[in-house]
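Only one chain is given next, in structure tokens, and it is the form predicted on its own.
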Amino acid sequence: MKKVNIAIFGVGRIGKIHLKNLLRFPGVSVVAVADTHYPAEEFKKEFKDVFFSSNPDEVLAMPEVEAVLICTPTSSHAPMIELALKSGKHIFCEKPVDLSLERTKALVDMANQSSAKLMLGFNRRFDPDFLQARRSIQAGRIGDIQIIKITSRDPGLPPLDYIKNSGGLFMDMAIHDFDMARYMMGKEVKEVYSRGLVLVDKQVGEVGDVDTALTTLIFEDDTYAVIDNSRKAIYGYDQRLEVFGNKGMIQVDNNQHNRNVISDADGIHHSLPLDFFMDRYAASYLNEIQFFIDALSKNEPIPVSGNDGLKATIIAVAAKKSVLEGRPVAISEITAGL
């Protein structure tokens, strides 16, 4: 099988994860990495056999590059996607496409009209336990889905500078859960009702965001999902899922530091959840890249398309509007101007 020639833009925290994963695949050749800020000497010490450039345009111009992974800050996603599409490259991009809904829609339309494939990095879909839950739903194991409950709580606040530029809790954090709810349901959302509070740190409110939220999604058939988010769970990274149907229920619990359970006179004890999202979702980051490579090498459909990213972004915009206006927001209100 012919190798897929891939370039990576951005070798920060997530970029390095993807680079190391790509180097594990025999069907991939990482032909170049570009980063405008990373020191070239430092990169070459760790990855001496990979071509490095501080100029993304130089890498995009390389004819051997078939696909690019965009792992740069959110503010640069949209221009890089546009350049890559114009260069005819397939694209994997971390979410979101852009903080502007209009810009997101324009780029997704551009990708849909292109022969290039665009995949968004909603990595939680590819977690082994969530994948199995989806397969069980599709196999009819629990019948018709009626309620989904998602808990997503971080172990601690990110830096305030990050919060200021991330689009806020709904665009940065809960957007994963909005995508997961659509993915598990296999249906579209018609209404969003969110409430948000500042309970962790008052500075979050001062920069215009919330750190604690509860969201109800109403789907097209009036079934619903309930999602709770917090920026700080003192016991670790809390990621749980419950799917309830008329024939049963699926539960996905937290990944823990170990699975030992100790029972003694004081009670039953087990370890805490993992501390960091990169540990919790290590397998999903590997799996999502495998799905991307398969989609390219076998000419299969992209598993998380630009359209999926657009729909999750629309829900995030509706959730923020719901908090600001204190009412349920119909998805049609958000899409009316697009």
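One rule holds for the numbers: they count along the sequence shown, beginning at 1. A quick note: this is a predicted structure, and the numbers were derived from the prediction, not measured.
The discussion below concerns the form predicted in complex with another copy of the chain, not included here.
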Do S166 and another copy of the chain come within 4.5 Å of each other in the predicted complex, heavy atoms counted?
-> no
Applying a 4.5 Å heavy atom distance criterion, does G12 contact another copy of the chain in the predicted complex?
-> no
Does R153 reach another copy of the chain in the predicted complex, with heavy atoms at most 4.5 Å apart?
-> yes
Would Q203 count as a contact of another copy of the chain in the predicted complex, using a 4.5 angstroms cut-off between non-hydrogen atoms?
-> no
Pick from 67-75, 187-195, 117-125, 93-101: which stretch has non-hydrogen atoms within 4.5 Å of another copy of the chain in the predicted complex?
-> 187-195
Of these, V252, L83, M110, L157, which has a heavy atom no more than 4.5 Å from another copy of the chain in the predicted complex?
-> V252
All of L214, K232 and H270 with a heavy atom within 4.5 Å of another copy of the chain in the predicted complex | yes
Out of 258-273, which residues reach within 4.5 Å of another copy of the chain in the predicted complex, heavy atoms considered?
-> N258, R259, N260, V261, I262, S263, D264, A265, D266, G267, I268, H269, H270, S271, L272, P273
